[in-house]
Structures are given as structure tokens and as C-alpha cells.
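One chain comes next, on its own, written as C-alpha cells: the form predicted on its own.
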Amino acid sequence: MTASYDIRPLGEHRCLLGESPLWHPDEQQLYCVDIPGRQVLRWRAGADVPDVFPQDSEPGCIAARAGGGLVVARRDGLWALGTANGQMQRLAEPPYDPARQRYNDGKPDAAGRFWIGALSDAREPEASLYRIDAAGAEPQLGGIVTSNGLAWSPDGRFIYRSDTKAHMVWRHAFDVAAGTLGEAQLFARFTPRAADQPLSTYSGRPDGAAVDESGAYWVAMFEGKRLLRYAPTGELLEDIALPVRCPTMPCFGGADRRTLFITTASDKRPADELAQEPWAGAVLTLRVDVPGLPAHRCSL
């Protein structure tokens, strides 16, 4: 169950809060966001430092856009980013009060709809998971504190999601033609950290996730210093120790989709922790045996 990999940082760049890694299916390049840094980042092949696309508002997640470039989900709504020239174009206003919430984790489904969950700044159960298409944003689930962990099964019949504060991952039946969710089934549950519990004994809470071709669900455990791989049945297959306390999200990329990229965080971490973890905030890389699923394109 415990697995060992050759884990390395992708260059010298460090994010405050790296998130939403994306291997662009057309450009064949890696992107991610730095949320408090208000940046979209792109790593060209062989480059040690990324290209930076500055943002006027915190970007929660990104998606490849049909026709080219990216869709950026920011606190202030949805934007198209032209990756050839850096030009930004507003696509939609946010469906929530941006003084209290922002977009967080999100991915397109196979039909091109953008599913994005929001985050409550007050960490109250007031956020929602939205389905967004040309008709607008429709809330599909409510009562969420921090929406995370979105990923689909290889056949598209199931969708995974988590609420990070709740320490739970759920799986729903998914109808791709209608864009609807079935009832939630608990997939994984984790023990919250007690008030006096040292971090060294805390397993972490579920953050971003990805699915490989076998249907296994890979989830980053924030503050748990590890990455978990689950079978579709819910059986824990691998527990991968990481060299940083706060991984945020994995994605598969490279020409064979067998390189796993993991974004991480350094923002607001204790000084002694950062002194021991020089890779905090880096994008970590490792090679895996089973390829991941390619990213869908957003039709907005």
C-alpha cells in the first residue's frame, strides 16, 4: 500500500498556493494557478521558470477552452485567456457574492460544461457546486464550505467531489447527456484534526484530485504530506509520502500522460516548516505506471 517514487520539483519557481494543474490537450504544456499570487502560470518544455499571466482577481481554477486558450474561473467571474497573447475577455459574472465567496476547484465534463465549486471565505456551509454552460451558471449542490476533488470516471458515468472541511469525498452517478447528478454516495472519509493534535499525526484533508485510465482516484491530502490512490471500489491502493506538508492537486500529463504533476502550497505556513521543506510551493513531478485521463475542453 505504501509506495515510493522519485519525486522532483519542476524548476525553481514556488507558488504561494498552487492549484488547478492542467496539461493542455492541444498545447501539450502544463498550466496552473497561484491563487493569492493572482497568476496563471505556464511551463514551456525545458523551461526552468514559467511564463506568468497576471490576473486582477484570484484565479481558482482553469480549463482548456475549445478553440484555443484557457477559461479562467476567478473570484470576479469567468474569463477567456488567450495564451498566445495574454489577452483577457470576460465571459460571465460570478453567481455568488464575491465579497463572501470565490470560485475554487473545477473541470469541464465530456460535453464541455464547466463544473466549478465555490469556497466560502468565512468557511461556512454557504457555497455551491455550479454547472456552467452557454445558458449560464446553475447550482447543482449547496451547503458546501470548500468544494474540491472534482473528477470523472473513465466512462463518464460517475463524478467525484469533496468538501475539504468536511474531510469527505463523495461519488455520484452522472448523466453526461443531461448534465445531472445522482444521489451522493460516501466514497472516503477522513478524521478531522483535533485542536491539540500535532501535524505529524494528522492524515490531512482531501483537496484536488484526478482519475487514471484504470478508474483509480488520486487525491492530494492537504496538510497530510501525502497523495492517496483509491480503486473505484473505495479500496486504498497506494499511500504516497510527499516531501511537502501541503499538496493541493494532481494532474496527469506529458506525451504519454504518465507524468503526475502535483501543485503545492507555501502560503501562511510556519517558518520552521518552510525551512525543512524547500520544495513547498513547487510543482512536484513523478512518473506513474497507469496513464491519466486527458483533460476535457470547455465549450464556453
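One rule holds for the numbers: they count along the sequence shown, beginning at 1. Values in this document were obtained by computation on a predicted structure and should not be read as measured data.
Only in words, not in the display: the form predicted together with a small molecule, which the text now covers.
Quiz prompt | Position in contact with the small molecule when the complex is considered in the predicted complex, options F222, F114, Y217, F174, heavy atoms within 4.5 Å | solution = None of the other options qualify; the answer is F222.
Self-check item: Heavy atom within 4.5 Å of the small molecule in the predicted complex - the one residue of L119, I159, A209, L78 that qualifies
Solution: Exactly one residue meets the criterion: L119.
Quiz item: Can we say L17, I35 and R123 each have a non-hydrogen atom within 4.5 Å of the small molecule in the predicted complex?
Solution: Every residue of the spot touches the small molecule in the predicted complex.
Quiz item: Want to guess which of 144-152, 176-184, 87-95, 224-232 is within 4.5 Å of the small molecule in the predicted complex, heavy atoms only?
Solution: Residues of 144-152 come within 4.5 Å of the partner.
Quiz item: Does the small molecule come within 4.5 Å of any heavy atom of R205 in the predicted complex?
Solution: The answer is yes: R205 has a heavy atom within 4.5 Å of the small molecule.
Quiz item: in the predicted complex, does Q101 have a heavy atom within 4.5 Å of the small molecule?
Solution: Although the small molecule is absent here, Q101 would stay clear of it in the predicted complex, with no heavy atoms inside 4.5 Å.
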